[in-house]
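Have a look below at one chain only, the form predicted on its own, in structure tokens format.
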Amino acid sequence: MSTAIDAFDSLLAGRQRILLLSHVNPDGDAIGSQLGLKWLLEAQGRQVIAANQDGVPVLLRADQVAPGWQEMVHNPMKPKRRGNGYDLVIALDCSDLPRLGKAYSPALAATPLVNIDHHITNLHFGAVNIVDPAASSTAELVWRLADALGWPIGPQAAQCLLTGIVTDTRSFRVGHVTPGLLGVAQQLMEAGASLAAVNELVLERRDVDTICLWGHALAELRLEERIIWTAIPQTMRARCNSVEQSDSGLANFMVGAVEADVALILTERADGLVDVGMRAAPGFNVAQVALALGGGGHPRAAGCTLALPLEAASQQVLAALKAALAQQRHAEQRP
């Protein structure tokens, strides 16, 4: 990490117009790490644009949890934003270049790129790669970066980074929570961040349309070979006012079923693609399945996007999961 941070510091020197990107269908860590780094770089005198093709999820559109969220743009290549061009691109919380979606234009290919991420499936696609799968979140890595470079962390940056850490650890309830991470959270709170705001406004709240969608999705639950799964077609979304990005958290709920080792949700998008979300119970790994299907993630939380009809996507992912889980169970039985 220290070598990568030194390389980042050298690459940053003299670069003023910086573009920050994160993965499609962003979560709290993607937005939190992105906006947190934006605040930090602006405090260092840089001009920074933060972009994501899908924007900021509804529950993160609050200054109490993601200050600066209003400045997130969908298309960073509009002339009024691009100016004379970017001289550095930083990808956050993204395991591979295609996952940046339309926000990463081919016109940026010649611009140096820094890759900051904690996914075990990260492909190290940057000129500099600050990648640590043992980290709780990308927001934690941004904190480490700021700490190593001696950058002060103001209250806005602190809030964004705490939001990233808390949402990716489900409020310190999953793996990678260490005494050191709790110390980082304490420092961010001392800098002005609110833990209660993240818990109350992001983790504990749902709108009525989301509750409606969860109800329909749960009514279609199936259990096959300890895989609990459901599919969300566009027709189901239509019954709930076509709510978008509202299946987040549902997979975490489903994987709590005692009869399941893996939870799977397949969501049909308006453009015909299918988003696949997987969660694994302790002792099981879904990251390699996601990677084989063109996605990525963590051992216990991973996903991908498939250009298939919903039924075909369901069959393909279920077959891959069944084979992977059978292999993992067999490996566990070996002496």
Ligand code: AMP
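The first residue of the shown sequence is 1; numbering continues from there. Worth saying up front: this structure is predicted, and the values here are computed from it rather than measured.
Another form exists, predicted together with the ligand; not displayed. Remarks below refer to it.
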If we define contact as a non-hydrogen atom of the residue within 4.5 angstroms of the partner, is S95 a contact of the ligand in the predicted bound form?
yes
Distance check, K38 to the ligand in the predicted bound form, heavy atom within 4.5 Å:
no
Using a 4.5 angstroms cut-off on non-hydrogen atoms, would R99 count as touching the ligand in the predicted bound form?
yes
Might R237 be said to contact the ligand in the predicted bound form, defining contact as any heavy atom within 4.5 Å?
no
Answer key: of A50, A302, L266, L59, within 4.5 Å of the ligand in the predicted bound form (heavy atoms) is A302
